[in-house]
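Each of two forms of one protein chain follows alone as structure tokens, named structure 1 and structure 2.
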Structure 1
Amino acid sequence: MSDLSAALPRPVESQLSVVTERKLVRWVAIGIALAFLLLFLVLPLIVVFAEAFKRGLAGYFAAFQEEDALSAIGLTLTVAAIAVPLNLVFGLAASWAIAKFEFKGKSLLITLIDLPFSVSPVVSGLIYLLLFGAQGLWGSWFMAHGIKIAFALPGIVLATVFVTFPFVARQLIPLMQEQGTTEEEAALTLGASGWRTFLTVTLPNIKWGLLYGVLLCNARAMGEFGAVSVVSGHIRGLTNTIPLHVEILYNEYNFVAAFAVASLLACLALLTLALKSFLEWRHGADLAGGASH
């Protein structure tokens, strides 16, 4: 009997000491993580807002009364208002096709969606400049027809769309794959059309994942620097977005105004982080594929 008892596996509680690290190790790991966050996240945010309010509220709000600052804010909002809906449509179409259907070139499409993650934003901006610039492949044709792409709003939108289009699709593809096609097939069997099935079955099942992807996409669109910097031409009051305007102010040693405008992006980042955390907390199961599906 004693031999049999010795051969039986020990209770899980008795094995915890084997798989659990010592308290010292845990506290050291937690301390390193907190120190990293403090050094690379909290302190920079404190510096941004401290410098922004260095001259008080009057100096802070004065930075937003300049015509160039208002133009940069307006252009950033315009670009985001165009790029995010385009990426929303593309993300829905691509994820629906990849998750719900089998077709030739599916692997290639997935690879292309991931392309902006592996290509430097500066390189992507340069590509658009080589295509649509005055000396570019198609630039002369567009200029001859009175259409300006590079150093104008269309070029900035194209560059922003390129660097942000994976966000919605990459959030929805695993979500749709996890949900499968059972509910859509049931709806089609009951006589629903394809469009009605999408609106009443597919879309409600992915609404929180879609919102999550749009949130990340918008944050990246408004904060993009590298690709936009190449195709914008840095024309003050015309093609400078908020990040580019911050760079100009900083290079001109106008630090208070630079940090004041930069605080807008910092607030956007904090708001995005808060909404992201809320969605993960409130709808974590839906974002992970949905336990109810």
Structure 2
Amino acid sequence: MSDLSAALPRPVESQLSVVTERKLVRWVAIGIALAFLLLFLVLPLIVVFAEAFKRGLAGYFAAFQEEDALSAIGLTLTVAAIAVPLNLVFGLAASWAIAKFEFKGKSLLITLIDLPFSVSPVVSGLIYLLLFGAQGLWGSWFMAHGIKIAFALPGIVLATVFVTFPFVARQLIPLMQEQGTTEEEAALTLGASGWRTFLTVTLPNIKWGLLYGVLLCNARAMGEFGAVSVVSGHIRGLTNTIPLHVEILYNEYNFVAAFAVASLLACLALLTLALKSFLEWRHGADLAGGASH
């Protein structure tokens, strides 16, 4: 009887072996799982900071005195500042069209939106080189008109937009489908315009899901390595993002600096995880089923 079990102290049941394993089995399973996670998740995270601070605070901060490091940080922020809003607008448009209307070919459209997730980052970079590179389809035309796309900021932005393409849409589509259209229809019958309905009815309902999607989109945009690596051309101080700068420092055996710069990205990841967990804990019901990837 479900209405009773809520009032009953649960432990009475869990002492029985009916619905769980013996205590010893439980703790062995927990032990193995935690040991595995420690080995594969926690240690890599700790080692980043341990290596970064190997030569103390001075050694750590020396990594950020370099002009190249600062320009890498600047470029990463610029790229994210362009790519994330682009995908945000797209995500809103796509989820509105898909969730609020019934039309043919909808599931194909959803599959296509998900496509970038199943493309290797390196291939994501490659396809833009095939378009805009020196030997690319349109490369010579753009070059003739003095527009640099590959090995320049536009190429990096395009590759980043590609790899982060589905994040916002993917978060919003199931959420808006779950919410249906009745609230919007109610607003329209009360005389609100379409735009006003979106701003005052739809947006408040999806704001936490939207934030969640933007958060994941931003983390990936700032951390993307493979795709950006292919289109950037690795021009120091010009087309190096933070992850590319980390690679260069590491390959130059400048480990402390590499890990120091990497620790910035690790902090970003931890912040993302913390905010994500907070959103799931505080607003879990408003995030709908499509939580993780």
Partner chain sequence: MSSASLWRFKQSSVIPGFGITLGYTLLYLGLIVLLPLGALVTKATSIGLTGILSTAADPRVAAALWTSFGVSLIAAGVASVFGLLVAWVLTRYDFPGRKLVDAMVDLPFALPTAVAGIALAALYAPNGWIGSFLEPLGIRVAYTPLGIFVALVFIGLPFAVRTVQPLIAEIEGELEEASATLGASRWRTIWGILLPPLLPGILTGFALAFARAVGEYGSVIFIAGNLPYVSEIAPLLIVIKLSEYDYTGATVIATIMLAISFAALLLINLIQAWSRRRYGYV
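Here, a residue number simply tells you its place in the sequence of structure 1, counted from 1. For the two forms, the rigid core is made up of the largest set of C-alpha atoms that agree within 1.5 Å on superposition. Computed from a predicted model, the values in this text were never measured in an experiment.
In this pair, the copy labelled structure 2 belongs to the form predicted in complex with its partner chain.
Superposition on the rigid core between structures 1 and 2 places the CA atom of Trp195 less than 2 Å from its counterpart. Once the cores line up, the CA of Gly105 ends up 2 angstroms or more apart between structures 1 and 2.
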